[in-house]
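Just the one chain here, laid out as structure tokens, in the form predicted on its own.
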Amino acid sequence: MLITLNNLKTFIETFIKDGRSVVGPVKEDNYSLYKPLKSFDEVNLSLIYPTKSTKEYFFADNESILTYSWTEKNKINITDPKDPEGVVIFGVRPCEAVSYPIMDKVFTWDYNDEFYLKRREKNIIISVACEKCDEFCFCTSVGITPQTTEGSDIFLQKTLEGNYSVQVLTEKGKTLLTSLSSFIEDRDEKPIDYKGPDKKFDITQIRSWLESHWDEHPIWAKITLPCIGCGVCTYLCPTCHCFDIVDEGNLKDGCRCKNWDACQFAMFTVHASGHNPRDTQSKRFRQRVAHKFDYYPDKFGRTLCVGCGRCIRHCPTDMSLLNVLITIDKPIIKLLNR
């Protein structure tokens, strides 16, 4: 199946005019993000990745779990939040689409997080294959390619003629496409077969090294020296999922809120006694690397990293997770640990 560029524009515009919430990649000055579209003309598919991921449309950065208020008769009224509205998310890159099934595992592990799952059920993902990368991309090193379709409902791949081949992957995608089938042509064109970035490290070796070096190895202090614990890497990451729950309000009313948190913050693991088992930034960064590449895979069978490179592009101190992984995978490290 095929959709021309003009028909793709009309396809998306139809949803917008029908009142559907459509989110897409938009560039604003030196910043880029996924945001609700007013027109297809706002979409910028030349972006390798927007600065922010689509994570907030599944796992909100701040949301009310419940609200409360006192009545005149000194009784408490508790109100549950309204169910979230579903959105069509267009222009997602393959590595980001993969993040959704990865996140599913943690949000359905020992408890079904309804806040996440309701959005997951209602949101529709239209992803577009990559045609280029930059020096920060490393998707192929974590087992993903520019044509990976996992996590997408509809997958588009640009053809040599400038149109898009269409793959329908889920029932949600099928229902969406059926409603606008007149825009789809039953013919094929040769897609652009982009191979993606070269493989930069051996993920099996990374995990093996981490399993035997969850300790005070001197390499951690050295490679994490630039880290200032700002949390940018965790907030921009499509798969980081730490959160805190706090009560906000007064004696009359308030809410119980769920907010993003980050393992890179110094207060993240402080105990009530004042003891902090991760009292240095090297320990906190070690935790982040081991979580993504060792014990998340051990528990869920998936690497908690998609190689999008956001944590590297936007780090204020040029701290590079990729360089850390390459360093761990270097032969010199293997020789030192014989």
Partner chain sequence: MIDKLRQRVKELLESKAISVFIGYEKGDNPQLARPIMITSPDEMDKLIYDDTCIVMLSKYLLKPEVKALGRRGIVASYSNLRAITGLIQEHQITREEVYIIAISTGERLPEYYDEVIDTGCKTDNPRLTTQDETIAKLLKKSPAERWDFWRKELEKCIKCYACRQICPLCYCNRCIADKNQPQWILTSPHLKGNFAWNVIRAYHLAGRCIDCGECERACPVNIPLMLLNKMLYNNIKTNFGYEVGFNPNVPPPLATYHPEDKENFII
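Every value quoted in this text rests on a predicted model; they were computed, and no experiment measured them. Numbering follows the first chain given and starts at 1.
The next section is about a form of this same protein that is not shown, the form predicted together with the partner chain.
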- Message: When the contact criterion is heavy atoms within 4.5 Å, does Glu135 count as touching the partner chain in the predicted bound form?
- Response: yes
- Message: Within 4.5 Å, heavy atoms only: does Asn62 come near the partner chain in the predicted bound form?
- Response: yes
- Even though the partner chain is not shown here, does Ser165 get within 4.5 Å of it in the predicted bound form, heavy atoms only? no
- Task: Consider Lys190 of the chain shown here, and say whether it contacts the partner chain in the predicted bound form, taking contact as heavy atoms within 4.5 Å.
- Result: no
- Task: Kindly indicate whether Asn6, Ile154 and Asp198 are, all three, within 4.5 angstroms of the partner chain in the predicted bound form, using heavy atoms.
- Result: no
- Query: Which pick from Val128, Leu236, Ile144, Ile124 sits with a heavy atom within 4.5 Å of the partner chain in the predicted bound form?
  - Reply: Leu236
- Query: Which one of these stretches, 113-121, 168-176, 135-143, 85-93, sits within 4.5 Å of the partner chain in the predicted bound form when only heavy atoms are counted?
  - Reply: 135-143
- Query: Going through 298-321 from first to last, which residues have a non-hydrogen atom within 4.5 Å of the partner chain in the predicted bound form?
  - Reply: Ile312, Arg313, Cys315, Pro316, Thr317, Asp318, Ser320
